[in-house]
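Listed next as structure tokens is one chain, alone, in the form predicted on its own.
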């Protein structure tokens, strides 16, 4: 039996658009015995950029896993000036959760993790408060506390980054983490920090957006999940959704519905990331479904 049984390889690609891109990629896979399981592509006609996700079965593939990337680059990538990322279906990503005091997103993520929905590991839950330690204890997950104030923020972030490095963390989910990450921190995890927030920004900024929305009598509330960049809440958007509300809804109803939406939208974003279905380019994303 092949050692590659039940494994697949996944390539995410973008490059200047031109004739022959799809054929060149598929010919490379076919030439070495790969059976394509999934292929999707998109062309940004305005910027003339080609995007592609392709996945193929490795059972009969003739190139060793450790050499696939180099062979692809020599045969295809360099010729078309491709930026590409190779991963394998059985690679288990290591996800760190950052939380503060609101538990709704944390509970949702942990429940999906324990249900086996995501092929991930959670080596750490990191917080600036002790509030949610009991949640981590219920599920036997490591919980690290780094109290942060204006005087120790830089020092505590350095300790967080050291821990993340020691734990070989692949990506971070801000599950309602109420601290602004420094530019230095973000630079270590480009397009690997996923955040969630209400979609009222910038119309309803501040600590009580639902109160402001209620005062204006809004009819729709929403939530947005995005990759974190140095510009606050302005990174590439991964997923969004909305729910209708009415004059009959109280502030507590808006908060409840909004938090339900935040859980779902954040989990969808994490799912796309874990499945290697996202290509971030020029502060936008291509989501392969």
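Fair warning: this is a prediction, and the values are worked out from it, not measured in the lab. Positions refer to the first chain, counted from 1.
Only in words, not in the display: the form predicted in complex with another copy of the chain, which the text now covers.
Which of 154-162, 186-194, 69-77, 101-109 lines the interface with another copy of the chain in the model of the complex (heavy atom within 4.5 Å): Selected stretch: 101-109.
Single option in 148, 174, 218, 122 placed near another copy of the chain in the model of the complex, where near means a heavy atom within 4.5 Å: Only one option qualifies, and that one is 218.
Interface membership of residue 240, another copy of the chain in the model of the complex, 4.5 Å heavy atom rule: Yes.
Close approach of residue 234 to another copy of the chain in the model of the complex, 4.5 Å, heavy atom: Contact check for residue 234: yes, within 4.5 Å of another copy of the chain in the model of the complex.
Distance check, residue 138 to another copy of the chain in the model of the complex, heavy atom within 4.5 Å: Yes - in the model of the complex, heavy atoms of residue 138 and another copy of the chain come within 4.5 Å of each other.
Any non-hydrogen atom of residue 8 within 4.5 angstroms of another copy of the chain in the model of the complex: Flag for residue 8 set to no.
Residues within stretch 263-287 having a non-hydrogen atom within 4.5 Å of another copy of the chain in the model of the complex: If the 4.5 Å heavy-atom criterion is applied to another copy of the chain in the model of the complex, 263-287 yields 263, 264, 268, 271, 283, 284, 285, 286, 287.
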